[in-house]
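Coming up, as structure tokens: structure 1 and structure 2, two forms of one and the same protein chain.
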Structure 1
């Protein structure tokens, strides 16, 4: 696996991701996606939406605005609680995120420590500013929401925020969506789009940035009916589990089936276990390495203000096991908060019991698009010494470009262009005439193109082309008349 810096350099070189506006020196925590990156990101989102919305009868989508009424953030608790602790150097003014600084300096788990605990540790271990070695000031909370002004006013009445998560409008608009789509509990609302957090210390390339995208799902159930009817579909699925208890005892994570995790009470709610398995399966179905995933339960101190129980799907990045997807049990926290704050009834009427129900969100799979982007790239990146180039073994579903069309020699370009024109409306492909055929194969490997179609002199006689498989380099001869359906089936 490459290091995160090697991957970042590769991404820039091949046109996946650049530091934003690099000609002006960039801006920390912000990135631009180049031609290949924009395609990969869009394919990840398309696959997520297809899997979570189109292929299910119990989930509908919505697309809320990025800036909304700030009362939403007061009700959700973000205005008051969405903050990290920050240490500021008393001399040079450098600011660091306290938990990350302590984790690095003391090799400990520091998320969720209180201000007193941070101050105590800084004092006890005589920790100083990483830049100038001077003492820190007392730790301070720092709210991560970006604020802005709406309209031409500049007073506090115009203050609004860029959303720090996509989740909240799925609660605020819950009643409209449920009624319009005639949904019955249990059901989910899905949404994807930009989120913004003014991270104190953005780091690790795309992993922790200030502008990113989320793909989130709020799954609502009737709290009186907590059974998951789909459990059988995942009960044999194996997860590497790291529970709160294992962490407290210092035990190593254990592999167990979903059924065992529920039977032993390691995971409490059926729906929570179901969605953890399903999200793991989604990654595997798109070519990720199943062995690099585990689920880790948040210890009490780490849990967000809204969560009664949280599990993260973690991935083993080159910089350690890190959160890829968070899955909190938000219960009825958000619904109650929005009902209280808006004074509107968001409950549903249950036909069976003839009673009003305030739904609970028992699982909220929340995934950052850029973290998924990193995972698929890390698992695809193969330094093939024999070929002498990187081979990006992305699933054909995710590959930015599906097919490369080449002519063996320039004399055949016209013939090759005809083949390219034949398939390009149905399959996203590229027509490459630059350099030797070996050079073009190598370039295609590095762009993650799963199939290369080569037109040679025999094509003029047999009306067939050679199709090369990126991962095996095996070549097959396919009739031009069958090429489109062959490639569509493969991709």
Structure 2
């Protein structure tokens, strides 16, 4: 596996990701996606939506506004409490996020520490500014919301925010979505879109940035009926579990089935266990290595005050185990907050009990697109010493370009172009005539192209082409008349 810096350099070189506006020096925490990156990102979102919305009857989608009425953020608590603790150097003024700094300096879990605890650790261990080695000032809270102005006014009445998460409009629009889609509990609302957080110290390439995309769903249940009817589908699924008790005792994570985790009380809610397994399965179905994932339970001081139970799906990056997806059992906290603030009734009528019910959110799988992007790239990145180049073994479903069409020599370009035109409307492909055939194969490997189609002199006689498999380099001869259906089945 490459380092994060090596992957960032590869992404820039091959056209996946660039630092934004690099000709002007860029801007920390913001990135642009190049030709291959835009396709890969689009494919990840397409597969997520298909898996979570199109292939299920109990989830519908919506697309909320990036800027909304600021009362939404007052009700959710973001305006007052969406903060990270910040350490500032007393001499050079460098600012660092306190928990990240402590985790790196002391090799400890620091998320959820209070300001008093942070100040105590800094003083006890005599920690200093990483740049100039001067002392830190007392830790200060820093709100992560980007503010903006709406309309021509420049007073407080015009102040609004770029959304720091996609979840809240799923709560604010809950009743409308439920009525319009004629949904009955249990059901989910899914959404994909941009979110913005003014991170104190963005780091690790795309992993922690200031502008990112989320793929998120809120799953609502009747609190009087907490059973998950789909549990049998995942009960034998194996997860690497890192519970709160294991963390307190210093024990290593253990593999266990979903059924065992529930039976032993490690995971409390059936729906919670179900969605943790489903999200793990989604990654695996698209070629991610199942051995690089674990689920980690939040310890008490990490857990949000409204959450009865929170788990993260984590991935083992070169820079350690990090959160991909957070999943909290939020109960009715958000629904109650928005009902109280808006004075509107967001309850649903339950046909069986003939009573109104305020739904509970038992799970909210919230995944960053860019973090998923990194996972698939890390697992696909293969430094093939025998070939002498990088092979990006992406799932054909995610590969930015599905097929490369090549002519063996330039004399055959016209014949190769006919084959390219035959399949291009159904399969996203590229037509490459630059360099030797070996060099074109290597270039295709680095772009993650799963299949290369080569037109040679025999094609003029047998009306067939050679199809090369990226991962194995094995080649098969396929009739041109059968090529499209063959490639569609493969991709």
Ligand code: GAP
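Residue numbers count along the first chain shown, from 1. Rigid core (definition): largest C-alpha set, two forms, superposition within 1.5 Å. Residues that one form lacks are left out of the comparison. Quick caveat, the model's predicted, so the values are computed rather than measured.
Quiz item: So which is the form predicted on its own here, 1 or 2?
Solution: It is the second structure (the form predicted on its own) rather than the first.
Worksheet item: Which segments, of 3 or more consecutive residues, undergo C-alpha shifts of no less than 2 angstroms between the two structures following superposition on the core?
Response: Residues 304-308 form the sole shifted run.
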